[in-house]
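Have a look below at one chain only, the form predicted alone, in structure tokens format.
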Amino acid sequence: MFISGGLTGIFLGNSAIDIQLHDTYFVVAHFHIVMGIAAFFGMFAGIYNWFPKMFGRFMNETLGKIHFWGTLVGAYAIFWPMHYTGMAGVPRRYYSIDNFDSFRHFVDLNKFITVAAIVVFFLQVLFIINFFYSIFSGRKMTTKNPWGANTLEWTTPIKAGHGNWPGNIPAVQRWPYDYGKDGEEFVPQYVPLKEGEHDHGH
């Protein structure tokens, strides 16, 4: 999402092309895919990932997949057509383009964008419902580290008490991305380095 939105910034960085694209819907589409949608997907990923650590339960997977795929497709349905209207010179910040002969044929495309935006909005309502529903009724965690993550927060008990860890806090011994190493699917950070093993992260 970040790359597909960011590539359109190359066009805006070319002064000859930007004469045509400046202050059009092309700018709106480029900016919102990069700074809006890409950032939101990062936040959503964090919430889905750490939700079990926060509440001891998983978010509903079916609702999560509907939310993810609907938002992904819907985001492109909103902003991808804007690139084309922008290339045609449709200016941003105009509340209506109906009165312009050169832009009037984009009215139906604008309606499509509006419908897509409404659908994506309600998908975010579905996410909020899933969030609060899962706090009380989500599938319970049965293992401390359901994702097979290497970082230390997944070493705390499922129901962590005061201070999060009973006894000593585990120490970081290695790089956090030791996946598929020495025949192991993943090696947690608290596992000491073996003799002759080099920590490629430091």
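Note that this is a predicted model, so its numbers are computed, not measured. Counting begins at 1, following the sequence as shown.
The protein also exists as the form predicted in complex with a small molecule; that form is not presented, and the subsequent description refers to it.
At the 4.5 Å threshold, heavy atoms of Phe58 stay clear of the small molecule in the model of the complex, well away from it.
Using a 4.5 Å cutoff between non-hydrogen atoms, Leu72 does not count as a contact of the small molecule in the model of the complex.
Using a 4.5 angstroms threshold between heavy atoms, His67 stays clear of the small molecule in the model of the complex. Proximity of His30 to the small molecule in the model of the complex falls within the 4.5 Å heavy atom cutoff.
The stretch that touches the small molecule in the model of the complex, counting heavy atoms within 4.5 Å, is 30 to 38, out of 30 to 38, 140 to 148, 161 to 169, 45 to 53.
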